[in-house]
Ligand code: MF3
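Shown here is one chain on its own, the form predicted alone, set out as structure tokens.
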Amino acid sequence: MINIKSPREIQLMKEAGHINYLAHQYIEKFIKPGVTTLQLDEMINSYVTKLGGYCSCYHYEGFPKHTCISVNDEVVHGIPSKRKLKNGDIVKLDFTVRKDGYESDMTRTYLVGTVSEDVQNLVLHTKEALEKGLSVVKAGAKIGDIGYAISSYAKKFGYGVVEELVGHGIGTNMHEDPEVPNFGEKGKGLTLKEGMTLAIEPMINMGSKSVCMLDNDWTIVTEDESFSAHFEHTIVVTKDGYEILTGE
């Protein structure tokens, strides 16, 4: 079931999203060689809590930490640990913030120290793939338009677009209908309606699109061990476009 959000609900999601945005802004200065992913997790949780939000990944379906922190070939759902970030790594911070019963979901990929040019390009193009997907969003567009815009852009550079993992609806629950794949056919799929709230999140691999799960039953990695990048915003569909809810 797809829930169309009222103006009041959209405002509440925007408040949750603003905390999410501020937490990303806050943590960026701490992302450097030597910091552990567990330290980042704890700092984000402390900051979000101070702002009146709740890191709702915590214990979601058994997930043990407050945030998903994925390094290099880890695509999503990396579990924060004592692993230290190294020069040349990339790290994806993906977390949900809940406030007053409403969710927000946001991901950014960060460079650690000096990163190779090809990896920098992967990150830049993945961020641009999100922009391409967002650019087609408006009432009356199709879900397939989003996936087509993302995948057709990413594939120009020879990247693999992850298909097993998708964006999603969001609201009072972290994951709601509909699914929002990062691939698709233009003009196909569900029609977008004003008031729909979606988390759009391209996951792009430097190599093959193939992924697999680690033994911890959470972390998804690239099958060929190539680096993967990930960006995500929570948005609301408007009559003529969209509004980002995980922003300033």
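Just so we're clear, the structure is a prediction, and the values are computed from it rather than from any experiment. Throughout, we count residues from 1 along the sequence that is shown.
Keep in mind the form predicted together with the named molecule is missing from the figure; the text below concerns it.
Undergrad: Within 4.5 Å of the named molecule in the model of the complex, do 18, 44 and 103 each have at least one heavy atom?
TA: No.
Undergrad: Does residue 180 make contact with the named molecule in the model of the complex, using a 4.5 Å heavy atom cut-off?
TA: Heavy-atom contact with the named molecule at 4.5 Å: absent for residue 180.
Undergrad: Examine residue 94 and determine whether its closest non-hydrogen atom to the named molecule in the model of the complex is within 4.5 angstroms.
TA: Judged by the heavy-atom cut-off of 4.5 Å, residue 94 is in contact with the named molecule in the model of the complex.
Undergrad: Does residue 77 reach the named molecule in the model of the complex if we count a contact as any heavy atom within 4.5 Å?
TA: Flag for residue 77 set to yes.
Undergrad: Contact with the named molecule in the model of the complex for residue 174, defined as at least one heavy atom pair within 4.5 Å: yes or no?
TA: Residue 174: yes, in contact with the named molecule in the model of the complex.
Undergrad: Which one, 182-190, 23-31, 52-60, 204-212, holds residues whose non-hydrogen atoms are within 4.5 Å of the named molecule in the model of the complex?
TA: The contacting stretch is 52-60.
Undergrad: State the residue from 98, 108, 125, 168 whose non-hydrogen atoms include one within 4.5 Å of the named molecule in the model of the complex.
TA: Looking at 98, 108, 125, 168 one by one, just 168 meets the 4.5 Å heavy-atom criterion.
Undergrad: Scan 209-234 and note down the residues that get a heavy atom within 4.5 Å of the named molecule in the model of the complex; none is a fine answer too.
TA: Contacts from 209-234: 218, 232.
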